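Presented below, as structure tokens, is a lone chain in the form predicted alone.
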Amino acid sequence: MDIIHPQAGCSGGAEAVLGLQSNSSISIAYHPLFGPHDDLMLLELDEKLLPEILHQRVTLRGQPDEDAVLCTSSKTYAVKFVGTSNSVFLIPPSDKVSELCDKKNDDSMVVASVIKVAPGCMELVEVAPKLDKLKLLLSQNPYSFSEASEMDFSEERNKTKIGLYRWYDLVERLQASDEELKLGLQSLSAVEIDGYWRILDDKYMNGILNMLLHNVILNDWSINALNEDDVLGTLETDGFPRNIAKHCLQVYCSKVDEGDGVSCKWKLEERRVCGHLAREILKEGKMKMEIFMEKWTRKFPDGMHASFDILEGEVLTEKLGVETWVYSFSLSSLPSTPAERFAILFRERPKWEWKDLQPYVRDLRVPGLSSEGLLLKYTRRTQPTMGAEPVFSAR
């Protein structure tokens, strides 16, 4: 391939190269606008992502002090520059002058005009969304009883807007796709109030759940078939806004019947309700297993039965002499990045049995790395004796 002066032949564009037959050649020349053109970058794509790019269904997200990520509607990709030792020529499409030149000089030599030599290209690597920041943002101003009872004075309302975020505020600040962000909000039990995404503080969540359980007993409702209209109406009468009452159902219940035009039915979920009750009890601190179990089961609504195993990922136990003690250690308080997660786990315990460790690591997701791969990367597995349960320590 020869590099010649552009006047030596008719200037051709990318079409001339695309139409090149195998085992043939074409001359190239510097385009009149040849230069570094830092605004032009090559992006290498997996074929399945091409429609997303062509139909403009992707966005670049990240703050000025962060590495940018590219997001589709459901996935997040790190954008990495990969240099190359080969010369990669960027040849723009033909312009009108070049087309006229081709028509008038049928016998002229066609020359492809290079506008830039690219030093490499950008590649996309699927990554886990960065959602730990979401909890920090929403924790700045949780919804509380004091806010719910405030009069609608404009000055008070302006005060409470500090540290509040609408959907587009969160999209601007978080490196996650829309679908991943929605799942993150769901995992935090966040709810949209007056256009802002909020989490309810512990006292408020405890208050509305206790009121729901109280009404279950008072009205003799079945915990497996709660009538939505009855529940929402009663909680509204008790002073809770209807949208937050509905949110309570979504957090602590599962829908069992759509209703077909009438009020749908909900079932209290043992794991969610009993997990909340355990967290509230253990705010008092570490306690003996017998005392904890007595306090915990006493709070169960009639018809609800749960074993201690249901609290995996919420509490840990330890032996002190002949006594077993229980204390709170919730999965929801741990970071989502594997390195940080394992660091905290091994600070809590230098050694973990698999039955205790599994609830705290099974939600970790790293694209391209299996659960076994994560354990190999961050832990050391030992087996004290043949047939014994494996023990994991920090690598």
Partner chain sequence: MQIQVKCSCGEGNCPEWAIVELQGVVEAQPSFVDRIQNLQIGVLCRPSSQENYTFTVGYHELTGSKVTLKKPILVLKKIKLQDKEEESEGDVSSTRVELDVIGVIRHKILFKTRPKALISSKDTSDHICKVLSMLISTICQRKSYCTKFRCATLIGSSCVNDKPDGCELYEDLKARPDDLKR
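No experiment lies behind these values; they were computed from the predicted model shown. Positions refer to the first chain, counted from 1.
There is another form of the same protein, the form predicted together with the partner chain; it is not shown, and what comes next is about it.
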Answer range among 165 to 173, 234 to 242, 200 to 208, 281 to 289 for contact with the partner chain, defined in the predicted complex as heavy atoms within 4.5 Å: 165 to 173
Counting only heavy atoms and a 4.5 Å cut-off, does the partner chain in the predicted complex sit next to every one of 140, 188 and 224? no
Would you check, heavy atoms only and a 4.5 Å threshold, whether residue 82 touches the partner chain in the predicted complex? no
Contact between residue 145 and the partner chain in the predicted complex at 4.5 Å, heavy atoms? no
Would you classify residue 256 as touching the partner chain in the predicted complex, given a 4.5 Å non-hydrogen atom cut-off? no
Closest heavy atom of residue 262 to the partner chain in the predicted complex, within 4.5 Å or not? no
What is the one choice in 127, 183, 306, 90 with a heavy atom within 4.5 Å of the partner chain in the predicted complex? 90
I need to confirm a contact call. Of 59, 328, 337, 358, which residue comes within 4.5 Å of the partner chain in the predicted complex, counting heavy atoms only? 59
Within 16 to 30, the residues having any heavy atom within 4.5 Å of the partner chain in the predicted complex are 17, 18, 20, 21, 22, 23, 24, 25, 26, 27, 28, 29, 30
